[in-house]
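Listed next as C-alpha cells is one chain, alone, in the form predicted alone.
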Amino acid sequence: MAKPARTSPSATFSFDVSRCLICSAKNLNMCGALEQDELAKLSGLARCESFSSGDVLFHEGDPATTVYNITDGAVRLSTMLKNGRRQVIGFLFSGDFIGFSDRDAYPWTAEAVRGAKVCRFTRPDLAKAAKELPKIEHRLLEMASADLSAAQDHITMLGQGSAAEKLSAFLLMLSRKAADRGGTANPVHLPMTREDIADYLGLAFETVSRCFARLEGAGLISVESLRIIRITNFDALAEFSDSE
C-alpha cells in the first residue's frame, strides 16, 4: 500500500477563548476541567485546524513534536506491517487526544476519516501548560489511561473466536463510545469504511461484508446504509458475540 502524502490542513484558524466556550468537545477533553481564565491561558498556545477526508496529520516515524485534540470528526490510526499490509490500530473521535506520549517519533500514521477538526499544540507548550495548570496534567493522565483501556479492548477483540464475533464486539464498542460522549448509542454511525473495519479486526474485506449480512439475517442488526447500522437487539447481539 502506497504511503499517503502528508497533507496541510484545509483551514487554520487563530485560537481564542470564545472558540473554546462554544466547542462541542470541551467537556470531553482536557479543557473540560478548566475555568474560563484557565481556558484563556491555554487558548494562546493552540491552533485550530481542519482536515478533509483522507488527509494525513502525521506519518508513522515522523518526529513527535505536536499533539492534537480532536474537536470534531474522526481520525484513523494505522501502521504498516512487515508484509506490507495495513493494520488499523484504532479510531479516535471528538474529545480524544493524539500524540501525547514520551516517544520521540509517532508509532503510527494518523489520517482524517470523512474530515476532522483539531486543536494543535506543540509538545513543549503543552508540557509547560500542564505544569502551570495541574488540572490539565490530571486530565491528561486520565486520557492516557483511557488510551490504554482502548488498546486492551482492541487486543481482546482481535482474540475473539470468529469474524462475526469480532464485528459484533466492534459495533457494541462504537455504540458504547457514542453514549459515553453524550451521543446516540443507536443507530451506530460508521465514519470508517468497510476496508477500515477489516484492517482493524484483522479480517478480509469480503469477510466483513458477509458478517454484516449474517448479523442482519439473524435479526440482530439492520443495515440502514453503509454508514448507519441499527442494533435491533442489544442483549442478543452481546450474547451472540460471547457465544460464537
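The first residue of the sequence shown is number 1, and the count goes up from there. These numbers come from a predicted model, not from an experiment.
The form predicted in complex with the DNA exists for this protein as well; it is not shown, and the discussion that follows is about that form.
J.: Between His59, Arg194, Arg176, His189, only one gets a heavy atom within 4.5 angstroms of the DNA in the model of the complex; which residue is that?
T.: The residue from His59, Arg194, Arg176, His189 that makes the contact is Arg194.
J.: Taking the DNA as it sits in the model of the complex, is Val113 in contact with it (heavy atom to heavy atom, 4.5 Å or less)?
T.: Looking in the model of the complex, residue contacts with the DNA do not include Val113, since no heavy atom lies within 4.5 Å.
J.: Evaluate Ala64 for contact with the DNA in the model of the complex, applying a 4.5 angstroms cut-off between non-hydrogen atoms, and reply yes or no.
T.: The answer is no: Ala64 has no heavy atom within 4.5 Å of the DNA.
J.: Is Leu226 one of the residues lying within 4.5 Å of the DNA in the model of the complex, judged by heavy atom distances?
T.: Close contact exists here: in the model of the complex, Leu226 approaches the DNA to within 4.5 Å, heavy atoms only.
J.: Although the DNA is absent from this view, report whether Ser149 comes within 4.5 Å of it in the model of the complex, heavy atoms only.
T.: It does not: once the DNA is placed as it appears in the model of the complex, Ser149 has no heavy atom within 4.5 Å of it.
J.: Any chance Ala204, Ser209 and Arg214 all have a heavy atom within 4.5 Å of the DNA in the model of the complex?
T.: The answer is yes: all three residues contact the partner (heavy atom, 4.5 Å cut-off).
J.: Would you mind picking out the stretch of 162-170, 90-98, 124-132, 105-113 that comes within 4.5 angstroms of the DNA in the model of the complex, counting non-hydrogen atoms?
T.: Careful reading of the contacts points to 162-170.
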